[in-house]
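The chain below stands alone, shown as structure tokens; this is the form predicted on its own.
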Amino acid sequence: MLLVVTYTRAARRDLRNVCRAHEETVVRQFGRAALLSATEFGAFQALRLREKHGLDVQLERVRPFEPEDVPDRVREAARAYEARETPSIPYRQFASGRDLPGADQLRGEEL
């Protein structure tokens, strides 16, 4: 998918017009941003906006987040934390003394 983010009123207006005129290309719209399908037509529309508005339009290629892309230990930690008996316990405290990665360890690892 292609993420289009706009930073000016004019760019936002044109993105809105693209989304209305080409609904089949729009995966999702978020006010000043939209996800366009990863087709040549989606790229064409994104590039048109970039040509017209320059750096007021940010373009990114996005791929869906799949849980299977995350290491098992992280998925298990998330599952265990969401099944905790005390909802107010912070993760750092919950993970302490268990075979779970610490919050600092999770922050330091790239996916």
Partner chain sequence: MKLHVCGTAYEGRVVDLRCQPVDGATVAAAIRGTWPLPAVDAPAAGPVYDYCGHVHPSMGLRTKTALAAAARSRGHETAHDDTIAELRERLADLDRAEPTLPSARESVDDATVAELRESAATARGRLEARETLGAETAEIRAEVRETTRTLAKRETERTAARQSRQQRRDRAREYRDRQARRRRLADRLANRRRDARRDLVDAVAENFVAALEAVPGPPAADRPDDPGDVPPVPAALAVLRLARTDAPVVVATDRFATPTAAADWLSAPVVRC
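Keep in mind that what you see is a predicted model, and the values were worked out from it rather than measured. Positions refer to the first chain, counted from 1.
Here the subject shifts to the form predicted in complex with its partner chain, a form of this protein not shown in this document.
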> Which pick from V27, L47, L55, A38 sits with a heavy atom within 4.5 Å of its partner chain in the model of the complex?
Replying inline: L55
> Among R73, Y91 and D104, does every residue place a heavy atom within 4.5 Å of its partner chain in the model of the complex?
Replying inline: no
> Taking 4.5 angstroms as the cut-off for heavy atoms, does D69 touch its partner chain in the model of the complex?
Replying inline: no
>> Just to make sure I understand: among 1-35, which residues lie within 4.5 Å of its partner chain in the model of the complex, judging by heavy atoms?
In response: Y7, T8, R9, R32
